[in-house]
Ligand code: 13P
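The chain below stands alone and is given as structure tokens, in the form predicted on its own.
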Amino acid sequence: MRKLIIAGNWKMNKGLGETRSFLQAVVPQLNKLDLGRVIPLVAPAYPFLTEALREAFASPLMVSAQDVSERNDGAYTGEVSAPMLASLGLKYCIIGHSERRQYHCETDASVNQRLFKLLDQGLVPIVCIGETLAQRDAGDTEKVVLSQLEGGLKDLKLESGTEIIIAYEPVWAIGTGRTATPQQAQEVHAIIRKWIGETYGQSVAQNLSILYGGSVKPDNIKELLECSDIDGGLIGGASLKENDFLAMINTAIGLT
């Protein structure tokens, strides 16, 4: 069965001490749990990835980067490459988040470049897609999502479906307090899985985890995870609180 992934995207939050404190509180609790097919994951800011890896060592908690460069090396001040992330021992990296697209002019083409840089280094890309409020109101959700899939996954060959993770994040529901209803989220997740099946085959489609992101929190995650095509969450604000993060993981365990 597909993995259920509870992924905390910390964005530009938590310094060194806060990162250490969070993990020292959460990791011992995770070590006590029978997680089954649930994967807990956090994505701290770049400077604290090593600390997060150290605190999570030999535990079930996975650590992800929040972004990666399109290039492997060179004179690109401030950039961090896929080989650098791999050298730390990371296994996951988020790409294409709507905030990167909005504030840093990332495109489907640049997401595609990042995708292959990560795969070349053995990292699993968490590929974010999603429509704006104007696009949803115009009835263009499916068109936008499929366009982002086609552009972001261009020339990609998938054999098992576990090589990547997709995160559907409606832009209008990120950090706004608004959440797509479970029915709205499931509808788009089903569109995504159908496209994956038509493009890569049904076996790949049934193995590939598709996460929902957009104001996910302990009191709505159960309804979302009960949807047949939602395989976890890419979670912002609620993942910053130890008790909330653990509560969402326990909810996921209860549904497996």
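Note that the coordinates shown come from a computational prediction; the quantities given were computed from them, not determined experimentally. The first residue of the sequence shown is number 1, and the count goes up from there.
Missing here is the form predicted in complex with this ligand; even so, the following discussion is about that form.
### Task
Mind telling me which stretch in 33 to 41, 214 to 222, 54 to 62, 191 to 199 gets its heavy atoms within 4.5 Å of this ligand in the predicted bound form?
Of the options given, it is 214 to 222.
### Query
Does this ligand come within 4.5 Å of any heavy atom of K11 in the predicted bound form?
Looking in the predicted bound form, residue contacts with this ligand include K11, since a heavy atom lies within 4.5 Å.
### Task
Consider E99 of the chain shown here, and say whether it contacts this ligand in the predicted bound form, taking contact as heavy atoms within 4.5 Å.
Answer yes; at least one heavy atom of E99 falls within 4.5 Å of this ligand in the predicted bound form.
### Query
Taking 4.5 angstroms as the cut-off for heavy atoms, does G175 touch this ligand in the predicted bound form?
Yes - in the predicted bound form, heavy atoms of G175 and this ligand come within 4.5 Å of each other.
#### Entry: Partner contacts for 222 to 236, taking this ligand in the predicted bound form and a 4.5 Å heavy atom cut-off
Read in sequence order, the residues that approach this ligand (within 4.5 Å, in the predicted bound form) are L234, I235, G236.
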